[in-house]
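Given as structure tokens, the chain that follows is alone and in the form predicted on its own.
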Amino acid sequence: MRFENKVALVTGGSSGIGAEICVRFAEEGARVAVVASSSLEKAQATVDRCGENARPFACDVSDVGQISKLVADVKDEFGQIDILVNAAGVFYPTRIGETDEAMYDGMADANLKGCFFMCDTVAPHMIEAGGGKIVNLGSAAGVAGRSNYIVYSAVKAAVINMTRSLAAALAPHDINVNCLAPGNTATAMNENVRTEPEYAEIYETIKQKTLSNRPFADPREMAGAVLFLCSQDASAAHGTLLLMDEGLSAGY
């Protein structure tokens, strides 16, 4: 029960790694604001897994006005925000010659703009309260380039370095800001790659490049890493990048 009497606000909480983060926080005593991108119904599915201490919220993090309302609503519901996890984001190919302006803007707004303005909106409440914990989700794609995901790689690299800058600004206020960079993780987003024959070649490429024996990691382990970064055991970590990609970025 490391997080008893703490309130965790988790964007991207309706599915994938974000949902597992919500569940694990609830398991360890936190009250959880589960945020979905578009509807309370999506968030409710995770709330049902979390139990009575979780509540559903909806927010398109690319809209700064919605972010302001979300933070105000969470404060009204729980009275405080001790932990912020920015897990919201989108993931789709952005290849040379195949990426239009709307695709670029959607990628940058959801993954980078939303992350910044969530931090920018929540941090003053944490400063007033005397401290807090923030974890941004980067990606292994922000550490090494991805030829089919050029913009995604760029914005996740920006999230990683923005985390360092936020840490520099907020560490004097006893706010830890750190970044988890997952690699390929088994979620609904990539179930087709893991299971459908037409993606067998892509799956084999991932398998060959991954140093460990698991081409796709367990999302609950990613959630566990987030909880570590939000715990007292990580009190000395400010601006840290925790890369968990089954060795993919380490080389051959």
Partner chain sequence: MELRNKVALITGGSQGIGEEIARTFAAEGATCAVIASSNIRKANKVAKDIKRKSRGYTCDVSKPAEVNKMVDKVIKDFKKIDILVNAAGVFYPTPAGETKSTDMNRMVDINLKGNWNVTNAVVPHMKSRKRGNIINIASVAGVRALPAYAMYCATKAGIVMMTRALATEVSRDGIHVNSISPGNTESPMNEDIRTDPELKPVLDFMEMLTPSGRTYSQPSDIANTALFLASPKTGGAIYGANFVIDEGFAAGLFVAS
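Positions refer to the first chain, counted from 1. No experiment lies behind these values; they were computed from the predicted model shown.
Not on display, but discussed next: the form predicted together with the partner chain.
Looking at 219-227, 48-56, 29-37, 193-201, which stretch has residues with any non-hydrogen atom within 4.5 Å of the partner chain in the predicted bound form?
Partner-contacting stretch among the options: 219-227.
Is residue 172 close enough to the partner chain in the predicted bound form to count, meaning some heavy atom within 4.5 Å?
Yes, residue 172 lies within 4.5 Å of the partner chain in the predicted bound form.
Even though the partner isn't displayed, in the predicted bound form is residue 42 close enough to the partner chain, meaning a heavy atom within 4.5 Å?
Outside the cut-off, so no.
Is residue 212 a contact residue for the partner chain in the predicted bound form, using a 4.5 Å heavy atom cut-off?
Close contact exists here: in the predicted bound form, residue 212 approaches the partner chain to within 4.5 Å, heavy atoms only.
I'd like to know if residue 125 sits close to the partner chain in the predicted bound form, meaning any non-hydrogen atom pair within 4.5 angstroms.
Residue 125: no contact with the partner chain in the predicted bound form.
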